[in-house]
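Here we start with a single chain on its own, the form predicted on its own, put down as structure tokens.
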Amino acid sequence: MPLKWVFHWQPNAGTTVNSQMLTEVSQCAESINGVKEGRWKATLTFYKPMFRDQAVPAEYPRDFLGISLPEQPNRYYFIIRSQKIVLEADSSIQMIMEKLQSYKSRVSLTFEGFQYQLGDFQLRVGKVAPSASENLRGIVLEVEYLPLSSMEKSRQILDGFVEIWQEAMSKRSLPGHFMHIEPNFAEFGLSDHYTSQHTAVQYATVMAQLISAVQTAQAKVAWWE
């Protein structure tokens, strides 16, 4: 599978994301000759256990994330960040979980927007919003290098592309910048060969960063609304 890096928008202190910023980022992709190819959508769900006495057995995780990715519509990914576990399952697992009622979806986030083709690269620019509302809570950027699946072999090429992207973004004088925080994939048992599980772990990291950034200005619960 082609390697990708997932970035999140880090607003400057005292600022928040808005739809105009999202428009500017999309225009930036077009300004470097990105060809718009259509829409994309991923969904991240935060699960909590459903125990009547609220006493969670030690062998049960206290929470975990579930992620659906556009490139793997028939698969579903689970991340237990506290135990550094990532799992891949058939997408029907979501129906099974609803019937078992051992864990409940607390909140879902939608990542969606447009994708662009630039030679050997594919970009996805998208907004982050709670699934139950249109309130913009963040911006994400995927940079995918199509010819290679080795993270080490692709690193220098991706670094070079990101430099070009950041230079193009700097001309727009937006109050913030894109950040890429690479997880320690080895902790999750993942190798140098890139897979969709690597993407799922990156989205879990992005979600944690988005919440952390907003917590400095407002309460965690309000962020989801």
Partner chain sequence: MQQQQTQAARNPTSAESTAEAPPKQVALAMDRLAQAARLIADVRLGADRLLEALFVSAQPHQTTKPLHLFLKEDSSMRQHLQDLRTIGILALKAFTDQKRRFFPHLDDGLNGQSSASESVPKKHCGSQISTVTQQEELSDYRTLSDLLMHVEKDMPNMKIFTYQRLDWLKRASTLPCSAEEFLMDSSKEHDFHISNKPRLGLLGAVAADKVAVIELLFPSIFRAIISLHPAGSIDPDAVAFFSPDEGGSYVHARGFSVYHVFKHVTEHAAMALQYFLGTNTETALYSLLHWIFSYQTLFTEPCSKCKRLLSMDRQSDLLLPPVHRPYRSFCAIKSSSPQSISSTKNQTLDASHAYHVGCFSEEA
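Positions refer to the first chain, counted from 1. Note that this is a predicted model, so its numbers are computed, not measured.
One more form of this protein should be noted, the form predicted in complex with its partner chain, which is absent from this view; the next part is about it.
- The candidate site formed by T23, G38 and E112 is entirely out of contact with its partner chain in the model of the complex, as no residue has a non-hydrogen atom within 4.5 angstroms of it.
- For the options I85, A89, L148, A129, the one in contact with its partner chain in the model of the complex, meaning a heavy atom within 4.5 Å, is L148.
- Interface membership of K153, defined by any non-hydrogen atom within 4.5 Å of its partner chain in the model of the complex, is confirmed.
- Not displayed here, its partner chain is kept clear of M179 by more than 4.5 Å at the level of heavy atoms in the model of the complex.
- Although the partner is absent from this view, L118 contacts its partner chain in the model of the complex, with a non-hydrogen atom inside 4.5 angstroms.
- Mapping the unseen interface onto this chain, S173 falls outside it, with no heavy atom inside 4.5 Å of its partner chain in the model of the complex.
- The chain is drawn here without its partner chain; in the model of the complex, the stretch among 154 to 162, 195 to 203, 41 to 49, 180 to 188 whose residues come within 4.5 Å of it by any heavy atom is 154 to 162.
- Although its partner chain is not shown here, in the model of the complex the stretch 198 to 212 places no heavy atom of any residue within 4.5 Å of it.
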